Every structure is written in C-alpha cells, then in structure tokens.
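Here you get one chain, nothing else, as structure tokens; it is the form predicted on its own.
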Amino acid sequence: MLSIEVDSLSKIYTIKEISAAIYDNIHQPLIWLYLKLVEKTRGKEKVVYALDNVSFHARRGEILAVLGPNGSGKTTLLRILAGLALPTSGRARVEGLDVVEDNARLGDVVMYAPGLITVDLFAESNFTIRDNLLKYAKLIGAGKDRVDEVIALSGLQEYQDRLLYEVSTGIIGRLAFAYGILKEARVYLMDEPFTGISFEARKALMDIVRNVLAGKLRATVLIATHVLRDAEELSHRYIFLRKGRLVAQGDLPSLKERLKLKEKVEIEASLDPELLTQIALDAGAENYRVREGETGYILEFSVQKAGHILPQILASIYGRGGKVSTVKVSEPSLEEVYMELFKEEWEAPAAEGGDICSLVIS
C-alpha cells in the first residue's frame, strides 16, 4: 500500500542577489556591509527551485533515505510533506491526505522530527528536558505516559530534569529525536535525526526507527541525512536530490546496476606474481595489481560481476599449481553510488570572483 505519493512537486522562491562581492568588502565597516546585504532594491531578482518536478512514492512500513548535497531540497521536501510549507506546483499525498487541501489534518498522520539544527523552534532553553516534551505533548494531544515512554526510548532518563541550556549537544539531539516520536503516527519525517549524537546512542535510536517505527508500527519513515553509513544501514530505498531535482531513486542493487559500479576482488594465493598478473589479464579483470600478502601474493582487481570470472581465475590458479588461502569480494557501497551521482559537485572548477549574497524575499 502506498503511504506517500509525490507527483511533479515543485517549490519556487524568489531571491534578491546583492551585486557586491563579500570578499571585496571585508575591510569595510561591518555596518556598511550590513546595509549592503539588506539593500534589496539594488539586487537582481532570481527564481530558485528548492524542488523542481520531483516525483516518487513510499510504501507503508518502508524506510526511505533522502540524500543529496547541501541545498538540494531535502529539508524543503520534508517540510512540505509535514504540512509546514506549501508547494508551488505539483501534488503530494500522505496517507491519502493532500498536503494542500487537507493541510490541517496532516498532524493526524504525520510526526516531524526537527533535527538538531531546528530544534530551537520546538524547545525552550529555560525548560527542563521533560517539561519541553510535556509542553509539546499537550500541543499535539499526547499524554504524560507517552512522554515518560519516549524519554526512556531516547535514553534521556538521566537528563530529564536538567534545563536545556545545561545539557550537551548530543542530549539536545536526542531531545529532537524524542519530539519526532512523541506520538504514534503512520508517517515519520526525520531531518538529520542523528546529528551530534554519540555512536552508542545513535545505534540505539536507529534500532527504534527500524524495529519500532517501521517494524512494530508499520509506519513509513523518511530520513533526510548526510551520513551515508546510517542511510545504508537503515533504509530500504533511496532518493537522491541535486539542486531540487530528483537525479536517482531505487534500492542499492538497482542503483549499482544502473551506474555500472564494479565489485572489488582480492585473492591471496601461493603463486608467482607474474603468473597471477597473466591470469588476471587473460580473464579480462580491470584495474588489477599484485602485492605481497601474509602467505603469498594478493591479486586485486575490479569487475562488473565477480561471479562471472571468479571461477575461471580460481581454476587458472590451481591449474598452475597454486593454492588459494583467501577470497574476498567487496560490493559497491552507498558511498560509491553517492560519489558517482554527485561527482560534478566537486569536479566543477570554482567560479571566478567573490561570493554573491542572496536573500529570500518571497
């Protein structure tokens, strides 16, 4: 059953570009620079697509990672699905509710985890952890028992009576996560939910997402994150955004197949290195090299499908009197998929001139 349906969704902002390059003015008085930044009338208007014709779907009980560089539209997408922002065009439905026409009812089916960066919108620094959660629980119709349950789930028992400004960034990160699960929902939208959280706590929270939210509750979870390791461990499928556009989507096997990423193979064998090199060459292995190992020599190479040539290589090694001690096949990771999809981001030459400041005006 489809839980989220997004069809040709776009979000457009109009900004003013201030023509003065910042680096040209760093020696000027700060007040002069400030006046330049707020002097909207002298800048050129520019239309920016935070989202540009994005379409995808998510099924009930699925964990979907939303990935992409800074400014790709991840947060904008989650805010629209949560009903916190309205699209410019296109359509999105969450559990059958239209994000525009049924905006007031989205809170019945959606919970939004703000993440560490925007948790200040939900929390007050002079409140305790527990009082902050109680205040939000009252707003969304959750009971005190649920607050205590969420405090336990998020590992906040030790800190619940501490004022917000007295705790560490990691604890505030757990509080942001707690906000997002304070009420049982059919859809959970999480914006960088594990930022600033320790490794041990992050693993515990990921287990909640996997086993409780998607598992026990059969809820749909969308996670916007920059941490590819977390995304690969948690998610069933991925969508990749770049400058508001959807550049790829799918599960990891289908993405690796589409991008023709290669598997990496290491074979340690007791055989002359020149023979190993010739075996790799005869089998059509790519990027091969031979290095010294612990019990012999290690042949390394990459290939589209290791299973297609591995039997031939092993047979050739044994046929030449060699013995194989280890065989290791490494499949392409989500990080390699990401690097291939967004290689233009860091391969493009830097633009000439100074930075241009942009201000959103509508």
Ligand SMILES: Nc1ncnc2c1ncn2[C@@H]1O[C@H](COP(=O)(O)OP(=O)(O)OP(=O)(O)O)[C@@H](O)[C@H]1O
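Because the structure is predicted, anything quoted here is derived from the model rather than measured. Sequential numbering from 1, following the sequence displayed.
One more form of this protein should be noted, the form predicted in complex with the named molecule, which is absent from this view; the next part is about it.
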{"property": "Within 4.5 Å of the named molecule in the model of the complex, all of Pro273, Ile298 and Ser302 (non-hydrogen atom)", "result": "no"}
{"property": "Option from 325 to 333, 312 to 320, 65 to 73, 52 to 60 whose residues, in the model of the complex, bring a heavy atom within 4.5 Å of the named molecule", "result": "65 to 73"}
{"property": "Partner contact for Phe342 in the model of the complex: the named molecule, 4.5 angstroms, heavy atom", "result": "no"}
{"property": "Arg218: touches the named molecule in the model of the complex, heavy atom cutoff 4.5 angstroms", "result": "no"}
{"property": "Interface membership of Lys203, the named molecule in the model of the complex, 4.5 Å heavy atom rule", "result": "no"}
{"property": "Distance check, His226 to the named molecule in the model of the complex, heavy atom within 4.5 Å", "result": "yes"}
